[in-house]
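We begin with a single chain expressed as structure tokens, specifically the form predicted on its own.
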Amino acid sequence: MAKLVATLASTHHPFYLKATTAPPEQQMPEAPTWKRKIEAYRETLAKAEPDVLVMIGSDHFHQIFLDNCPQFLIGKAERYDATFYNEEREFGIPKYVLEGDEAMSRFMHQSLMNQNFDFAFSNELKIDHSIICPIITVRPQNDLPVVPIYTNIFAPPLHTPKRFYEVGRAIRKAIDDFPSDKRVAAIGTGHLSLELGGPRQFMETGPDPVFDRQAIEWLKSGDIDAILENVTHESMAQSGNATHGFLNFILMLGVAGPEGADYVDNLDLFHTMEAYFTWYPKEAAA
């Protein structure tokens, strides 16, 4: 059977590449620190020596629209084109082609359906920055096949935090049951408190620093009970109009299991708190 060797969860700031590769005199003051933190985080994936990446993100209305918006979707293609025009223009993210793992995608789709999770699928999925950003940050050589999974964190009605956690557990089972000797890393991205287009977008910190600190502690300790007791759609909306991206962090804790993280870091960046977590299965960490 396949072996999950690492679970990573982080924010996905689309300006990271542009901010850290600009000429030094044009870089923001936090850029050198940001780059050092990302390089340290990258090592947490490298040491796990994965063969394939299961990647969880959310389409930012680039390919999935309100005319047909699945709650959960898995890609089943041979390869995936990535980066949309506005992401090139605004964020300086180059175009990518990601290789797929069709056999693993097919198996995981069937496993998830067998576990009563009705995933949509796409053989023509194009990838946006929610998945390209972690490629840039933790696997810039882009040398591993991927199984992409998209969640709906934008268009109500959204599934509950509990359902996201349950989906994470189901993804973990699908990975564990895949008949292969492949070493699998699961990588997901979302948000802490975040405001897009609202009055709190350009604060010096994220719109809700109290939530950010608490969320980091919950994830650090693997305290899913506290998360499910305190985090609701209403509370996330109060923390910022795009804070529902935290649902993807909950999903990744489901993949990892309710365990304390082995690696935790964060960076209080202009208008957002960046955060980085890695969990290793106990047998892999020994």
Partner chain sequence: MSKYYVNKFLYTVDRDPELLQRYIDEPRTFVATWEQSIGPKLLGNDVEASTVHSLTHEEREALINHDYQALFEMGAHFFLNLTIFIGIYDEPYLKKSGPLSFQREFAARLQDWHGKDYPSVET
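Residue numbers count along the first chain shown, from 1. The structure displayed is predicted, hence computed values, not measured ones.
The same protein also exists as the form predicted together with the partner chain; that form is not shown, yet it is the one meant from here on.
Residue among Pro157, Pro179, Pro94, Pro140 with a heavy atom within 4.5 Å of the partner chain in the model of the complex: Contact with the partner chain in the model of the complex is made by Pro157 alone.
Which of Lys220, His62, His233, Lys37 has a heavy atom within 4.5 Å of the partner chain in the model of the complex? Of Lys220, His62, His233, Lys37, the residue with a heavy atom within 4.5 Å of the partner chain in the model of the complex is His62.
4.5 Å heavy atom contact, Val210 to the partner chain in the model of the complex: Contact with the partner chain, no.
With a cut-off of 4.5 Å between heavy atoms, is Glu195 one of the residues that contacts the partner chain in the model of the complex? Taking the distances in the model of the complex, the answer for Glu195 is yes, it comes within 4.5 Å of the partner chain.
Might Glu90 be said to contact the partner chain in the model of the complex, defining contact as any heavy atom within 4.5 Å? Yes, Glu90 sits close enough to the partner chain in the model of the complex that at least one of its heavy atoms falls within 4.5 Å.
Taking the shortest heavy atom distance, is Ala46 within 4.5 Å of the partner chain in the model of the complex? No, Ala46 is distant from the partner.
Among 148 to 156, 162 to 170, 212 to 220, 105 to 113, which stretch sits within 4.5 Å of the partner chain in the model of the complex, heavy atoms only? Every other range fails; the passing one is 148 to 156.
Please determine whether each residue of Ile56, Glu124 and Tyr263 possesses a non-hydrogen atom within 4.5 angstroms of the partner chain in the model of the complex. No, the candidate spot makes no contact with the partner chain.
Within 237 to 264, the residues that have a heavy atom no more than 4.5 Å from the partner chain in the model of the complex: Sequence-ordered list: Asn241, Ala242.
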